[in-house]
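One chain comes next, on its own, written as structure tokens: the form predicted alone.
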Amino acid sequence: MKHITLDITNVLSKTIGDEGIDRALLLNIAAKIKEFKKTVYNTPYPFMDFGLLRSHLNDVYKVGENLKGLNIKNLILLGIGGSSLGTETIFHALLDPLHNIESDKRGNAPRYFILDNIDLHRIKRVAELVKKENEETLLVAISKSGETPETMSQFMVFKDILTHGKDYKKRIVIITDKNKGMLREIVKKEGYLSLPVPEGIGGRFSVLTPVGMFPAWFMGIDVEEILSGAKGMSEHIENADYKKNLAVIIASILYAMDNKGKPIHVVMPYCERLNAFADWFRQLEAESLGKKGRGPTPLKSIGVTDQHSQLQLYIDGPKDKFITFLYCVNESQYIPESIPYIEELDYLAGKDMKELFRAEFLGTRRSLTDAKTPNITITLDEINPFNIGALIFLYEMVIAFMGFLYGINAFDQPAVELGKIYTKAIMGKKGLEEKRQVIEQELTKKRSIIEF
């Protein structure tokens, strides 16, 4: 049984003409990655080290032992970007969509609230909930640096609330750098349970570390299977011929599309459970490759919803887009003949909604292909922990290979760091007085403002 399949028919020039890529050129790019891949697997990036990932999974279990016996009804996860998007991907794919609403949908797992923003409308409401259920709430704060201002401010708010409950320190887990940062200092000072973000693994590549595995384990998700899927994908990427290697071919196509004047990469899941994966991929590609004036622009589009909002642009707008479909539909829903007096609905009555969903997908893909908008399709046989682990690792390697093709470091984010520095300066952090002065001078300048 094939877990994940890739259909590249509609990106090839023999299908869509000049808007596509010639197979020979595609394989020429893939051959370059083939040589680089040997180097990568001889000296793996830290996120590829399954011995390390396995050891940290054992750390997750050890922390879990300390949480036994606690009556936890709410998991509050504080994190932003890579500290939360991977967990959101896993939860959205593998938990019931009514998990937080109906108790019988979540079994023994708690409700979860991922606070990946400091917009006060949501923060304040979740804070009110925690005040009411103080001693039934587990707080998990995640920051690689241990100094992310959004996460630190959230932690200060929710830690203060928890201190009013009995034995509150038992209900705080911090995931951060093993040796440095303010969160690590807080762990040492106050004695909270903690897990490491491994050295050399940045936030957007950290979902298979305790960053994603601890919250997933706590919610009852089979994290062993997630790692098994990732390891299986790693073995495929290492050993498969470059002409039939998922990561090598996808990376080659994405790179070729950008060079062909199609820098807008649209990820379009026809599977609601993969919607959050598209969000995770946006950060992975944008933050890894958007450097030195280069890099594609990843967008998220949802099938079938965005057929009614974006498809007009993708078909009839500028030819600067490339579409990746993600497809998986296994459930069924019978469409009853409940409106027999309208003959025009006969084509739907008595059918399975799964058939309609597939027809929508095939129709959209065909219309894009007719319009010569290049597209590929990734199909999962089902949504399960194994396949989610495999899909995550696949795209981590795709981005690593693209970094090689672009000749850039895919693992840093210098422009993001500058924004963080300005934020801290505005808030009055010591040592950043010059940066604060720059902002203050800007605010004194006359602004071009239009009012209503």
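Just count from 1 along the sequence shown to find any residue number. Note that this is a predicted model, so its numbers are computed, not measured.
There is another form of the same protein, the form predicted together with ligand PA5; it is not shown, and what comes next is about it.
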The chain here is shown without ligand PA5. Which stretch in 217-225, 197-205, 270-278, 304-312 comes within 4.5 angstroms of it in the predicted complex, by heavy atom distance? 197-205
Site check 81, 144 and 413: each within 4.5 Å of ligand PA5 in the predicted complex by heavy atom: yes
Identify, from the list 100, 283, 134, 259, the residue with a heavy atom within 4.5 Å of ligand PA5 in the predicted complex. 283
With ligand PA5 left out of view, choose which of 87, 252, 373, 148 has a non-hydrogen atom within 4.5 angstroms of it in the predicted complex. 148
Does any part of residue 116 reach within 4.5 Å of ligand PA5 in the predicted complex? Heavy atoms only, please. no
Examine residue 424 and determine whether its closest non-hydrogen atom to ligand PA5 in the predicted complex is within 4.5 angstroms. no
When the contact criterion is heavy atoms within 4.5 Å, does residue 54 count as touching ligand PA5 in the predicted complex? no
Given that ligand PA5 is not shown alongside this chain, does residue 32 nevertheless sit within 4.5 Å of it in the predicted complex, heavy atom to heavy atom? no
Residue by residue through 286-316, which ones have a non-hydrogen atom no more than 4.5 angstroms from ligand PA5 in the predicted complex? 287
